[in-house]
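Have a look below at one chain only, the form predicted alone, in structure tokens format.
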């Protein structure tokens, strides 16, 4: 049997990974043990910081192993959509840093950025995830728009999950200024922002979805795949799961097929894993908030 390394491409990333036959065999037949010692349903270590960008309404930076994502949220007044006059809206923008991976040089990361952006938008469309009516200021005339800017700083596998956790954390910390309608000037109401910088409100992000990626490798599937594991898989699913275990969106990745029974099992597992991840993330965000502000250091603070 040849043990020469081979270049492989994963279904969700464009990067090429050099793997030997022995490495591929272990990834395919390692039972419930993975190359880094995890079981199939374990995540790698996660490091989260919030409130990093001082000129944003909310921000976070999340590192999942070698995947690094920075998110900033800006709130602005705008006209609501004609089909949803009583709601505000979220708009996502994803940018892949050219330093994240050589494949992102030039316009290499645009396709992946657009895919992530579209799937996030789809995941948040369910009315059970976030109450957009809280963003309405004047019915049919003015609403708050939350612009969520996502910068992928480094790619280390499992970008969908990393981005979703960072976005939820940034939305959790987002402060929306208090506003009231002043005296009417003719037919046009006058909006007045509070002068108190601490007079703000926040959205309920309890049910904001987290994305769970499951990759099919051989006869089993696993969460939080590494780049090497992504390259050994021909198919998988990305599942958006709210805090109440509701699946709000599903996207298949890779060119391979999935048996209906496998798909049902993967969706059930994603729902359970997503609920646990949501619970742990909300707990840690609350702990960070109650612990008080730490000394701010670094160029982004």
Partner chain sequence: MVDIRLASEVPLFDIVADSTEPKHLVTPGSLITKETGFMRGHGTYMQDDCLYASVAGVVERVNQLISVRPLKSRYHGEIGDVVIGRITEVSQKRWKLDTNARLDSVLLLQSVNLPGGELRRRSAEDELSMRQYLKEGDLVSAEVQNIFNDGALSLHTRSMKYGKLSQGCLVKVSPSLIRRQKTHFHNLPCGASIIMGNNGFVWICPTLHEDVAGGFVQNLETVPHADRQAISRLRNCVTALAQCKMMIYDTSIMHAYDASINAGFEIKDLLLPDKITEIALMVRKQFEMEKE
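Just so we're on the same page, rigid core means the largest C-alpha set that superposes within 1.5 Å between forms. Numbering follows the first chain given and starts at 1. None of the values given here were measured: they were computed from a predicted structure.
FYI, the form predicted in complex with the partner chain isn't displayed, but the following is about it.
The partner chain is not shown here, and in the predicted complex it never comes within 4.5 Å of any heavy atom of residue 238. Proximity of residue 39 to the partner chain in the predicted complex: non-hydrogen atoms within 4.5 Å are present.
In the predicted complex, the partner chain sits beyond 4.5 Å of every heavy atom of residue 232.
Relative to the superposed rigid core, the position of the CA of residue 22 differs between this form and the one not shown by 2 Å or more.
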